[in-house]
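As a starting point, one isolated chain is supplied in structure tokens, in the form predicted alone.
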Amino acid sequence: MKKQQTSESAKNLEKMLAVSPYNQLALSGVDPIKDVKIFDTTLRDGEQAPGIALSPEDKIRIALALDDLGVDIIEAGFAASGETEKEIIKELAKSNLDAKVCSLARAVKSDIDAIIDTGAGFVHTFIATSNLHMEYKLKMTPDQVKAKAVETVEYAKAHGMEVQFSCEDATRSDMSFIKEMVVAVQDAGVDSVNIPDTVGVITPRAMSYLIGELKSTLRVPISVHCHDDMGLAVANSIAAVEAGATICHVCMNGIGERSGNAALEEVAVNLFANYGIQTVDLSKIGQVSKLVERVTGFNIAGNKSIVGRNAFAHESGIHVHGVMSNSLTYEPFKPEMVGADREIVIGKHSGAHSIQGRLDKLGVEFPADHMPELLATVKKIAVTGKMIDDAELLAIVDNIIWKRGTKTKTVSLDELTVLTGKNTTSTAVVTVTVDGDDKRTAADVGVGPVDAAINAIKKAINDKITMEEYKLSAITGKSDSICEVTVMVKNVRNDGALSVGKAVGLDIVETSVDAMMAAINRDFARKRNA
């Protein structure tokens, strides 16, 4: 029994969808398919992606997760490739999985024997059928290829195995020869026939045509195995199902040879959302995707459909406003349907709704009259494309609230120029205005740009000012993190008093100067209020 949502939970999932009504209109003449099986080849074709090498423990972890997800068939590897592979398949074959455990095999009896030794009862055997492959790779005639395929299928069936046969490079094979081949293996007792788009070259309409032709020829189920070389693996898989295929070969996260295979998560969600066909427990997709990413070391692209980090991330103010009212305004389905989370991203395109929503989630009360200042600060920091995380947003908020205590700016910084570099004495020039009309310009040097800028400010305001304390921290510890600077200065007005200033920003020099100016203004405000 497959481990997937109950019919009741499936109905609840439908409430999470908002797909195009034209999909159903376009499908009005298509015979509904009630059951599609998921043939997962993450552990075989997925592992063949350059850079992936799974240990036996890795394979077993992923297989157990895929079984829990509810896939029907797990292609655990290629038994004939070595003893380690055989042992993995043997281990999975005796693990009482709900999914059938399968091994790949060439159309060679010794490959079938290797699978028999593992105890697995399902073989996926193949031989190339395109003229290109037969002439240059196999160096066999079409009759020889057909005879080899039939012999292998009969041998596997004689040993009590379930057999799926693949016409490798089917989408570049002659139609009449494919039909000969599939009828021949059907007569030999094959259980299903697989049509691979081995190098990802067919289009969805052509795939529909090909499967339709074979559907009228065969009695056994038709499977498809689509590669993504031209970005059409999922579309071709869906087109094949529309035309009558009932088994889809897929890989979690779309990994696999070259550009990868049809992504399990994309095929499963499309089949459910647009065709009402439930194949796996959709709510577990997120956790299995993360496991495969972590174990394989193959990073998921940020914009990857369904499971990418941006799949349910929103930054644009207009989008966030809509999502906060009803998430389906800018999402085809709710993230919880696939075990994912929505994220409101704070960045260059954020609006007040985005920021307020994030603050509400963090449980932070912020004065509405200071929202324009907060929004302006966020946009200034994010103009380079930086995304502001929760810790950094809280630092900005804290700084703005802290500054509310000094409402009247007495000293303003009009200009700042800093010259620095290797083997160069850092020099800074500042222009400040005191009490609205007293404009002062000063220059000084220092040990580094921050020291030079602070020295120039001190010279312009009062050269008796001393820096009692300077603290700099990166909010998140990353190289592009917002920095927070706190300073404690003494003698702004020659009375020995201490004053604290704080600022946040991306640039260390500018933020340090802003903190210094905040401390000076805080001291001027104290004097004025005394």
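Counting begins at 1, following the sequence as shown. Here the structure is a predicted model, which means the values were calculated and not measured.
There is another form of this protein, the form predicted in complex with a small molecule, and it is not shown here; the text below is about that form.
Novice: Looking at 191-199, 303-311, 280-288, 240-248, which stretch has residues with any non-hydrogen atom within 4.5 Å of the small molecule in the predicted bound form?
Specialist: Comparing against the small molecule in the predicted bound form, the contact stretch is 191-199.
Novice: Mind checking whether each of Thr377, Glu392 and Lys502 has a heavy atom within 4.5 Å of the small molecule in the predicted bound form?
Specialist: Not one of the three qualifies.
Novice: Would you mind picking the one in Leu104, Val430, Ile222, Val101 that has a heavy atom within 4.5 Å of the small molecule in the predicted bound form?
Specialist: Exactly one listed residue reaches within 4.5 Å, namely Leu104.
Novice: Determine whether any heavy atom of Ser166 comes within 4.5 Å of a heavy atom of the small molecule in the predicted bound form, and answer yes or no.
Specialist: So Ser166 counts as contacting the small molecule.
Novice: Determine whether any heavy atom of His124 comes within 4.5 Å of a heavy atom of the small molecule in the predicted bound form, and answer yes or no.
Specialist: Contact with the small molecule, yes.
Novice: Check whether His227 has any heavy atom within 4.5 Å of a heavy atom of the small molecule in the predicted bound form, and answer yes or no.
Specialist: His227 belongs to the contact set for the small molecule.
Novice: Any of the heavy atoms of Asp45 lying within 4.5 Å of the small molecule in the predicted bound form?
Specialist: So Asp45 counts as contacting the small molecule.
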